[in-house]
Every structure is written in C-alpha cells, then in structure tokens.
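A single chain comes next, written as structure tokens; it is the form predicted alone.
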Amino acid sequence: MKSSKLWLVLVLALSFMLVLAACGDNNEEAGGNNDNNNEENNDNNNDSDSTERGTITAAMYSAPGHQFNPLFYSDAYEANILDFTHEALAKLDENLDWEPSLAESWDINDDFTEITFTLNEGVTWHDGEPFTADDVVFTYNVLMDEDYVAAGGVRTNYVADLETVEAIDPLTVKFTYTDTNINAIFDAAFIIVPEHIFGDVPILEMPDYSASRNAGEVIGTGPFQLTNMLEGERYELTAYDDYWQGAPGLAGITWRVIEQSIMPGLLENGEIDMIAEPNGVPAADFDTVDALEHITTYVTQDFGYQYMGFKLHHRTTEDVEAGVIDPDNWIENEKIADVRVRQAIVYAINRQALVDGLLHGMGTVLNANFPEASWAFDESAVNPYDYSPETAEELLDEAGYVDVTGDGFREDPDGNEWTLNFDYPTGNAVRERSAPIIVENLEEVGIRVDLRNPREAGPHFDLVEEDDHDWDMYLAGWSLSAADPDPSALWLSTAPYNYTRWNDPVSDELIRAGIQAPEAFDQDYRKQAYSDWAAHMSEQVPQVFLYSSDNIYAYNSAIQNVKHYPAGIYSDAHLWTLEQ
C-alpha cells in the first residue's frame, strides 16, 4: 500500500487539559529483543485467535515512569499505555468538539452550575465488574481530597470549582459547581478509575499500590489491558474482548522502548509498526520515512512545546515533604529575580536556529502559551524577542551585571561571581542537543552557566516538582490536549504544575478574568483577557518558550481504520485491524 502524507492545519483551540502532562522523558536505552520482536510480528498467520487478529509493535523513545494510575501519572510515555486502557466520560472528536465516551449524553442547566451525565449501559472494567456512577464520584472525590496533593497528585484544576459530585442512580451522575462554570464538560472529562479497586486504599498509598503499577493489576474500561511488561523495555497490551464498544480488531499492542535514532530503520525493516507519541519520527528522518512504500505518515502541529524554565522561587523542604503549594512560603531566587536578566536571556538564545538546525525547519518558535492554532493567539500582544545578543548585553549592563574581573563572564551587581545552574533530562534527542547550544549562546553575552550532567527524565522531573534545591534553569516540555486555552492549570500561582513557581498577582487576576462568568461566555471577551495575560507574561518572562515541533506520526499501512485527528491517532483504537 503506498504511503501518503497528510497535513492538518489546526484552526481550533489548544488546551491545558494536561492529559499528557509534564513531558516526562525517560532514558534512551533501547529495549526489547529484536529477534523475538520480529518473530512476534511475523507470526500473524498462525491459527490462534491472537495471531488471526494480529498484534502490532509500537515504539517510544523513553520508558514510562511506572505509574499507570490516571490520578497520579506524570509523563507522556505512561499516557501511551493509559490512552488504550482507560477512558473518560467525554472525549474530543475530529473537530475538537466534545462527544460522548463513557457517558452517552449530558445536560447542563441554564446557569452552567450543574452538569448531569447519563452513562452508557453495559460498560465493564477489565475484571468484569460493572462501571457505574459510583466510580465517577470516587474519582472526583479523590481529586478533591486534601491528601491528593500530598500523595503527589497535581490535577486539582479539574475540581477547582467543584462543590459536589453525586450518583443519582447507577447510570446518572451530577456535578455541581460553586459558580457558573464555562468549562463544565472539560472539568468533568477526567479519566475514571475503579472504586472497587482503590476504594479501600488510603490516598497517600495509592501511587505505590499494586494496581497503580503492576501489569495484570491495572484495571480500566478501555479496549486493551496492560497484561505484561519488562520495565524499561516492553509493555504488552492485550485486547479486552468484553469491551463495551465491541471486541478490538487487534489482538494486542506491544510498546517497545527504543533509542530514537534507530526507530526509522526498525520501521523500514518491519521490526516495529508505529512511531507516534510523543513527537513521533525525528524531523531529520521525515523524508526517508515518508518515502517508504509500506508506511503512512501524518504530520500535525504538536499539542505542546519545549521550554527553558526559570526557578523563580523555591519551596521549603518542609512544604515539599508535606506536598504543600503555598506561595507565601516560597523563597525568591535572587540570581534571576531581575526581569531584565530574564529578558536578556531570551534575546541571547537563537531559537530560530534551534528550529532550523535541530528540527530541520519542522517547528515554530513560540513567544506565549498560545500557539498560532489557538483562537487565543494574538501575535501583537507579545514581544517576539528576536535573537539579539546586542540587546541582551544592553539589558544586562543596565541591570548591573558586568564583567568586573575581565574573565569574560559577568558578576552580579554586588561584584560576586554569578553562575546559573542549568539542568536537563535525557531521552529527547533534540532537547539534549539544544542544551549545549543554549549554553554557548548565553556565554557569548557573558553569562556563566553550569551545565550539569543530565539525568534520566523520571528523576529530573521529580526534582522539577520538588524544587527545594539550587536549580536556576531547566529544560522541559508540556504535552497538551485540545479543548480550551485556559492557562490556569499551568500558571496560577497555586497550581501544582506552576513549576517555575511564578508568584504574580497580576497574572493570577488576568487568568481568572478569562473564565469569569458571565463575561467569559463571550469569546471576544476571553480573547482580550488572554491577550492581556500573554502581554504580561511576555514582559515578565517566567520561562523561555523555545519551540513547538511538528508531530510526525508513522505507521505500517497494513493497520486499518486509523483516524487522523488533530490530537493524534489513538482515537477509537478498538477499530484498528491488521490487513493480512
């Protein structure tokens, strides 16, 4: 089957739903046994039911962080499992509109303070237990519990305005909000977990509970089950034949952890069948992969971006240990407290060169949280911060950071050595290669940088969250989903995901204005509110937006019924079949 290249220009909203959160890249180690895997792929003509239906092998370049409870997972690789094993009440369709999933329908009252869902009949968990409204109530009560954040949970944005969630009957559940909620469907569309599995488990113990971590014990309602894994190497999903929308067309999906550089070769020779989330095929290999006759490629704007974060404040050790997010207790990082320093750093980094050189032009430089595809995007609201070492030097001079010792590096205004610590994770090859380039750019304007040894992504992002240490700058990314551009989950001062620990009352006020009812029912009002917020963020520079890369999905053309949606290709995976 001849391959095809499909380009999709997104025209609707991007969201901070954060179903794929924190862009947690793990190690680069190639996983799995090539011979065994190839044998598995080529056995599709055997007589067993599994091989009659076919099993495909997909590749991701970092290992999941070993957390398969939707309440606590933190990286895009764990999401590669959960996207097939778990579901929510509603999901986004090809037009980025909400459509039913576990719920067959919903009703919202006139003032948008209540939304009532009617659930589909006949839905069961992977262990055969019925899915009911009690599972929805349980999931959201965990999100609202004070122990949730202490246990490591960060998705409190889904319940920020939730007053109660109640089961009216086994197939009816009602959400009641403290005030008009313009994002009621979004807030009620979190992934559901089973009460009968976790109901007796203390919330503080849930992340380490066996059903959150062990293959064969992870229970969802999705079309596939996580049945076996060799941690860090391979993760086997098996079809759940009692799936409520019908038995899946594939017998299984095996995820292998493979070094990114060798993925295209394995795709070409048939050892793997799919490269998808996150980021997909490396841009440098796109032309080669797109030319393969047996491969279909699909390119779309990434729902996320890469950034260099500033640690503007650090939490106390006591708050980290207690799981507390309290801006009143934060300690300011004086090394990057001057806004002119942060502005200078953006001017000093040649971000377009990163896109052109490392992404082969398949990406876009960003200057705000709203990519061009979003209706909230306003190019005129932000400073483009075009590469200008001269402007960077002027700002640093103005702020009093000058070279007083003659060694080529600037001291702080008090004449003390000024060194910025810089941390980054392994796993994402482009991001790894960008780190020394950024250091070189900064040193050219006299900023001394300590580029520290990279860590595997799991430990790296643990330290990003904990922030009771000496970090100044770090590389990371956000993987986002599509629904609404409300940035509160990332940028409110009290949001757990506010990893830069930006404590700015003006920012908080502008973010809240964007969802203020009834004004926010007018999209023009919201657009202006978000333009005002983007302008303020652009001036204050709590982080350096680097780029949004294009997502390049590639899969064996023998896989049938793959839907090319703006948010990716995983939707309705139960319909996938393998052409024999």
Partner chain sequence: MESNAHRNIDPNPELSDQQPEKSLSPFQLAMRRFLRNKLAIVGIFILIFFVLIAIFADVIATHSPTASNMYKVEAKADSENWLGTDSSGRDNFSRLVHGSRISLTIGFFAMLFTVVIGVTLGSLAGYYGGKVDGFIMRITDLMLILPFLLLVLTIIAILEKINITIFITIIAFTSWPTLTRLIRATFLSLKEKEYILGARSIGASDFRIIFKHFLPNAVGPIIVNATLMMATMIIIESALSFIGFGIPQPTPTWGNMITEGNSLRMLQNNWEAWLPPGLAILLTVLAINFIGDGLRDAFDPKSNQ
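Here the structure is a predicted model, which means the values were calculated and not measured. Residue numbers count along the first chain shown, from 1.
The next section is about a form of this same protein that is not shown, the form predicted together with its partner chain.
Note on the partner interface in the predicted complex: the residue among Glu129, Asp356, Asp403, Glu166 having a heavy atom within 4.5 angstroms of its partner chain is Asp356.
Interface residue among His294, Arg433, Lys335, Arg448 relative to its partner chain in the predicted complex, by the heavy atom within 4.5 Å criterion: Arg433. In short, of 434-442, 338-346, 377-385, 96-104 it is 434-442 that has heavy atoms within 4.5 Å of its partner chain in the predicted complex.
Its partner chain in the predicted complex comes within 4.5 Å of no heavy atom belonging to Ser507. Proximity of Thr500 to its partner chain in the predicted complex: non-hydrogen atoms within 4.5 Å are absent; the residue sits far from the partner.
Although the partner is absent from this view, Ala211 stays clear of its partner chain in the predicted complex, with no non-hydrogen atom inside 4.5 angstroms. In the predicted complex, none of the heavy atoms of Phe310 sits within 4.5 Å of a heavy atom of its partner chain. Taken together, Ile262, His360 and Pro454 are fully in contact with its partner chain in the predicted complex: each brings a heavy atom within 4.5 Å. Taking its partner chain as it sits in the predicted complex, the stretch 270-300 comes within 4.5 angstroms of it through a non-hydrogen atom at Ala284, Asp285, Thr288. Relative to what is shown, Pro425 and Tyr570 are farther apart in the predicted complex; their C-alpha atoms differ in spacing by at least 3 Å.
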